[in-house]
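Here's a solo chain for you in structure tokens, the form predicted on its own.
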Amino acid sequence: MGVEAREARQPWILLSPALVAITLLLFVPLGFILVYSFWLRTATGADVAGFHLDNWAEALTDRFYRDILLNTLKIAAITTVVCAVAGYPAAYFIARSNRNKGFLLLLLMLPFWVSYIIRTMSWINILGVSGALNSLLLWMGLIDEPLAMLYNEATVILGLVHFLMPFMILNVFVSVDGIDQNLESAANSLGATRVQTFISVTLPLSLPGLAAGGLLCFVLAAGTYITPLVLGGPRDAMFANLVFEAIITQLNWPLGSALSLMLLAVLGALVLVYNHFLGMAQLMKGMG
């Protein structure tokens, strides 16, 4: 009995460092945020401790916050679709490249070696009034004056796609690379064309990777604030920008806490739906 008890405790002993880290770095801060969300910000700038629902009432009933949340979800959805459509062919090409697969994966990893903020700000030098693209168009005589291509929703989506595309490609690559190519050969031997083989065999088997990449891209896009802050205009703020504005600019921690938990609840519900239908195993493969 003693041996069985020790064997039963061994996994928990091995997991204890990770569990302690997750508790201290994730659940404890979330607990503080939850408590802060029920505090009250007074007109004098002081935070009154207690159990007040004013912040939650404002976050849930104010149309301004609802519209920004819906716009955030819309931008995240468009970004995810663009990443899926553009990233799938690249992932398929890498997975089916026998000789250069390692080199192509290395190229795919290169963007992670550069700061996300630097990569985002690089679009200013490309799309700005005196940027590379406007300079090229002026030199070619295609335009008479520089075009205003920055600080709109399209550039926000472009910056998000630039940031999130590798995540989509990696997840789809893991899924396609794991498909037994004998299945495709068998379909071809039975008279299926390459297009029919792709639609009937490859695409259905790679859908878990596509879904995992879509979830990862959507969650990261919906939770970002750097890209709309750098590339967006006043009308292109996303929900995370409201959290940043409330906490950092206005120093309104109670309202900012309620807004952050509101966004966390929406994205968490999406993750739970994904986990219910597909499970988290495929997502872990892509991130690993």
Partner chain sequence: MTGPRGKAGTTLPLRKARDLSTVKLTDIEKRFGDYVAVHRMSLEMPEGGFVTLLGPSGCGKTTTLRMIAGLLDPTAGEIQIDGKRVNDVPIHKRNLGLVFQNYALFPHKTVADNIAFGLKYRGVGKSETAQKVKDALELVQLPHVAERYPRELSGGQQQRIALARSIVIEPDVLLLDEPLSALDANLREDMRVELKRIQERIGVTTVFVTHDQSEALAMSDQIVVMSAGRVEQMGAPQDVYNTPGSEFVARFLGASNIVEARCTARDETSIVLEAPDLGRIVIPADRGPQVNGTGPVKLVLRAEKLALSEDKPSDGVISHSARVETVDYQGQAARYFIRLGELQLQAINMIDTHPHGEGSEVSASFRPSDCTVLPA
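Bear in mind that the values here come from a model prediction, so they are computed numbers and not experimental data. Numbering follows the first chain given and starts at 1.
Missing here is the form predicted in complex with the partner chain; even so, the following discussion is about that form.
Quick one: find which of 109-117, 193-201, 153-161, 73-81 has residues within 4.5 Å of the partner chain in the predicted bound form by heavy atom distance.
-> Stretch 193-201 is the one.
Report whether the minimum heavy atom distance between residue 125 and the partner chain in the predicted bound form is within 4.5 Å.
-> Flag for residue 125 set to no.
Within a 4.5 Å heavy atom cut-off, is residue 185 in contact with the partner chain in the predicted bound form?
-> Taking the distances in the predicted bound form, the answer for residue 185 is yes, it comes within 4.5 Å of the partner chain.
Any chance residue 90 has a heavy atom within 4.5 Å of the partner chain in the predicted bound form?
-> Judged by the heavy-atom cut-off of 4.5 Å, residue 90 is well away from the partner chain in the predicted bound form.
4.5 Å heavy atom contact, residue 210 and the partner chain in the predicted bound form | It does not: once the partner chain is placed as it appears in the predicted bound form, residue 210 has no heavy atom within 4.5 Å of it.
Candidate from 205, 165, 104, 149 lying within 4.5 Å of the partner chain in the predicted bound form - any heavy atom | Spelling it out, the residue with a heavy atom inside the cut-off is 205.
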